[in-house]
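Coming up is one lone chain in structure tokens, specifically the form predicted on its own.
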Amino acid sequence: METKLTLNEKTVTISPGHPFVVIGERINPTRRKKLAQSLVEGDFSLAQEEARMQVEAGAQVLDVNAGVPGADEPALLRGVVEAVLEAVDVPLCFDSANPDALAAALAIYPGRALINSTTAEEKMMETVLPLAKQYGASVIGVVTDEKGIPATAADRLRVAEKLLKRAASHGVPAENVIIDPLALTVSADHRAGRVTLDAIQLIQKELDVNINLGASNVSFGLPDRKIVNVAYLALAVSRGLTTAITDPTAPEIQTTLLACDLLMGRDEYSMRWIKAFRKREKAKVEAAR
């Protein structure tokens, strides 16, 4: 199964047969006062800086969120998207629960974007899926519905099936739906990480779709979160995870994902690993001058 995101002539393919795709998470004003204030003031330079930094670090797609309380989100998201597109040339993921904001961003986007996200709740599906069809976008489908978050991998498969069936009824094919089985914090439930890993494997096996996680949720409330996050990503990739919304500027995350691609046969002649190593060594030399 291949999910193709595009921007003009550029295409990023998400698939088990392709290198892992990192969706950069840093253009998000939640709990980031400086970024939120700059967006409210109409200054998009910090968002552009975050965009360039993430792409330089290896992000192939950027998540863009403009959810500042009290702001005109449709106008703000459109403005951020325009600014980011001036700074980088990678596909974008629009992160909003506001359908007007999504429509405003999708209307100006030159390609196939990714919508983050819909759940399997009736209201959400009937809001987001028609937008995905209208603008030819792909969508992240989160495995929760009116009953809440399913407790077992089998139940998460059931919700994923519901999402895909409803998407198809709106003319959105399975290749344009990326399923998110939900990474929950293990500090609240020590079994949560294992259930999600089992769900990734089961959904990928039964439905042959691409899988996404907001992987850093797993370590919420714990010390040394980066260690937990990178270990979880490696385990998830081995189960079938093909993309994640995460921070590409964290060296531990980027090198772990490159190593996963290498060891799973997705790095021909080890060229991406060697190139990244040389880049790190060059940066060390320059920093020592």
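This one's a predicted model, so the numbers in the text were calculated from it and none came from an experiment. Numbering starts at 1 and follows the sequence shown.
There is another form of this protein, the form predicted together with another copy of the chain, and it is not shown here; the text below is about that form.
Contact with another copy of the chain in the predicted complex, defined as any heavy atom within 4.5 Å, is confined among 23 to 31, 218 to 226, 37 to 45, 52 to 60 to 218 to 226. Just one of 187, 98, 169, 127 comes within 4.5 Å of another copy of the chain in the predicted complex, counting any heavy atom, and that one is 187. Taking non-hydrogen atoms only, residue 11 never approaches another copy of the chain to within 4.5 angstroms in the predicted complex. In the predicted complex, another copy of the chain lies within 4.5 Å of some heavy atom of residue 194. Put simply, residue 201 is close to another copy of the chain in the predicted complex: some heavy atom of it is within 4.5 Å. Although the partner is absent here, residue 280 is a contact residue: one of its heavy atoms lies within 4.5 angstroms of another copy of the chain in the predicted complex. Contact residues in stretch 39 to 55 (any heavy atom within 4.5 Å of another copy of the chain, taken in the predicted complex) are absent; none meets the cut-off.
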